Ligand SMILES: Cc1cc2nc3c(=O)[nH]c(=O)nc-3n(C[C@H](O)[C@H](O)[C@H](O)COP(=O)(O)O)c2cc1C
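The chain below stands alone and is given in structure tokens; this is the form predicted alone.
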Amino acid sequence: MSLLFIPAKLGTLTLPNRIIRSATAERMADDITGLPLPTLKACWQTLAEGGCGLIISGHMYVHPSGKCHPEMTAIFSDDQIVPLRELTDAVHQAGGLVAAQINHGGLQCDPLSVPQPIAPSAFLADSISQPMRAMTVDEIEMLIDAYAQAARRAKAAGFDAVQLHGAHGYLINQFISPYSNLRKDEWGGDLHGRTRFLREVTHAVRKQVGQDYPVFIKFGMQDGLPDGLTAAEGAEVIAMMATMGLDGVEISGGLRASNTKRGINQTDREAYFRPLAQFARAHTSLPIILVGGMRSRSVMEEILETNEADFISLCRPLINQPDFPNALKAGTLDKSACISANHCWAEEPGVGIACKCPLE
């Protein structure tokens, strides 16, 4: 049998196969309350029925100051536990597993959602669309607890695991990156200082969910900026993760990195974060989840067979065809029909993600 369909463990959680739905901002929540809409329940249920080994939710905001964009799902209040449980129950009834990705946008909050963002540091850059304010130490400690309480809520709502979002220029990534963290106190400076926020968040999360509950991270291993996090420093952070209490790492890009490449129309353009996973493998024994443009069975199987990663994480192919894992397993497909044109995202309120690409 293909390694794609051999069960494997992520912490204490056994996944029935190696195909993971990477967190995808669904934009299927009420914009005022952050509560999930019926469309989100249907989305996750369809993914579970389609054969994903694990569904990772779109990022959910842990505090109102961290709402990244309109229609983002919330997990900052206990009032949100019961509505979220309805979603996890639907996934479990369909035979699936689901993890909650928890996040704070920091400086990357849409002005429609957060008029003045907070961030590790206040700085100016051509890529920054609006001014932000540097966080106080009290705010840092408050947000550490916000992550922890969000993880507690996720467990209470029936999620099978929690994933911290530490990639794509969001708050954890902002603390770790020397480009965005210019602090001179114990929350900045060298790599030890810049990783303190992640260490404290993970420690606080563990206190809330216990040692046996799976907690892993999506990590931007390099920023792709001249003064940003390098792959070498990213590998150093990954080497720390087991002692932090994390159970696995999904390798992605960081601040201003190109995280969704277009036009992946041949196998040599697939798995564009593969070199980072190969580098990370030498620095950790934790399970590695690889995301980034995989479309073909042959590429996915080769990555697993060479032990470069333990799991394959997909985003756009599962928007295009939620039952892609089942089709791979049945042998009716060897490659996704996704053309990577990036026409997935909602263009107006109340629509949510959907594949809008031409058939050819």
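The first residue of the sequence shown is number 1, and the count goes up from there. Treat the numbers as computed from the prediction; the structure is a model and nothing was measured.
Keep in mind that the form predicted together with the named molecule is not shown, yet the notes after this line are about it.
If the criterion is a non-hydrogen atom within 4.5 angstroms, does every one of 59, 291 and 345 touch the named molecule in the model of the complex?
Every residue of the candidate spot has a heavy atom within 4.5 Å of the named molecule in the model of the complex.
Find out whether any non-hydrogen atom of residue 317 is located within 4.5 angstroms of the named molecule in the model of the complex, and reply yes or no.
Residue 317 belongs to the contact set for the named molecule.
Report yes if any heavy atom of residue 165 sits within 4.5 Å of a heavy atom of the named molecule in the model of the complex; otherwise report no.
Yes, residue 165 is a contact residue.
Against the named molecule in the model of the complex, would residue 187 count as a contact residue? Criterion: heavy atoms within 4.5 Å.
Result no; residue 187 lies far from the named molecule in the model of the complex.
In the model of the complex, does residue 313 have a heavy atom within 4.5 Å of the named molecule?
Residue 313: yes, in contact with the named molecule in the model of the complex.
Interface stretch in the model of the complex with the named molecule - options 321-329, 47-55, 300-308, 24-32, non-hydrogen atom within 4.5 Å
Heavy atoms within 4.5 Å of the named molecule in the model of the complex occur in 24-32.
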